[in-house]
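Just the one chain here, the form predicted alone, laid out as structure tokens.
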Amino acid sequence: MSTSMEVSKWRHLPPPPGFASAVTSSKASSKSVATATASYEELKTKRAWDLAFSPAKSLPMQAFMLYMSGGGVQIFSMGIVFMLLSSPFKNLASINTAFAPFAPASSSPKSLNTLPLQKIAYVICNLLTLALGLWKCRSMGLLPMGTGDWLAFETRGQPPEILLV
């Protein structure tokens, strides 16, 4: 087949959705650029909220994994608990890096006061993950919660004097 025949076959198709022709007025293009920038900033804010709630979205799966690992102290359950306890600290150490792609163009991407509400929600969700891990440690008996766990730190009183005649 010749290429000229193939080109003429596709010439009469309408442009695809979202395609802007090259010939536009400057007013229309500046207005569309401002609208596109505003919608892009709105999309970045929405994605920042998605990232902020992502640790909470994984809590049900992590709770199920903790349930399936059992209540004993085995290598499998200890590995799951270690990963559950270490991930919030890793997430909180890299909070500014995680939210840097979603920062508005008018602010510094790695500043602590950029996207403060999303970062607070992210910290709270990570604290919930940490609380779930600590609850599992408590249920496995790894946290000292009872009085018997603290007997080494208690002092013994003087025994009462008993006189047997």
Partner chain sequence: MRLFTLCLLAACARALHSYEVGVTDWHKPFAGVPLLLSESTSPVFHRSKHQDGQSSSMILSATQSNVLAAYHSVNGSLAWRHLFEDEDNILAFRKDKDVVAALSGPGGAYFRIFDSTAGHLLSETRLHDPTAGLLQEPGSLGIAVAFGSEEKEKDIFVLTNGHTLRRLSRRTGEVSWGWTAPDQTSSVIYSKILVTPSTVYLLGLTKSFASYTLHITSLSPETGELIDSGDIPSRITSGLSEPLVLSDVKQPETNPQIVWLEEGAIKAFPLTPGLKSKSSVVKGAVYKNIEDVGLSEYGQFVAIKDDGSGRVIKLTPEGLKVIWEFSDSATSPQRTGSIYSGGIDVDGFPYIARVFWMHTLKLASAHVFAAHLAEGKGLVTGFTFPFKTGEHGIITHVAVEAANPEPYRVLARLALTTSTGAVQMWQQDQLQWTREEGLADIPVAELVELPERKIASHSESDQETFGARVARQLLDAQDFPQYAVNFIRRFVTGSYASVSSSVAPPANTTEPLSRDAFGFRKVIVAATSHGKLYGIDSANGEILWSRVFGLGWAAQVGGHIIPAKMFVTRTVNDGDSPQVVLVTQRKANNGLVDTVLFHVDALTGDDARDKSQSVDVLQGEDIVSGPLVEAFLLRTASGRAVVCLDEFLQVNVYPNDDETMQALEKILPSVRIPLRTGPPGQRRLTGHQIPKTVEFTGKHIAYPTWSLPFPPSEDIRAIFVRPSDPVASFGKVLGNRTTLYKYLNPNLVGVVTGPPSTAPLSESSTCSIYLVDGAKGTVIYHAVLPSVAGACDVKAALVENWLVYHYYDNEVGVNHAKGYRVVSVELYEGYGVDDKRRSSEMSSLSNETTAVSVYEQAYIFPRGIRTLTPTSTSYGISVKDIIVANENNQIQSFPRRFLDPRRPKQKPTAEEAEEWLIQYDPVLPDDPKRVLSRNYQVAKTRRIITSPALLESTSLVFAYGLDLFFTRVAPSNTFDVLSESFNKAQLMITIAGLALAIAIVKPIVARKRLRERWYN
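Source: prediction; values computed, not measured. Residue numbers count along the first chain shown, from 1.
In what follows, reference is made to the form predicted together with the partner chain, a form of this protein that is not presented.
Partner contacts here mean any heavy atom within 4.5 Å of the partner chain in the predicted bound form, and among 135-143, 62-70, 114-122, 96-104 they occur only in 135-143. With a 4.5 Å cutoff on heavy atoms, His12 does not count as touching the partner chain in the predicted bound form; it lies far away.
Although the partner is absent from this view, Gly148 contacts the partner chain in the predicted bound form, with a non-hydrogen atom inside 4.5 angstroms.
Although the partner is absent here, Gly157 lies within 4.5 Å of the partner chain in the predicted bound form, judged by heavy atoms.
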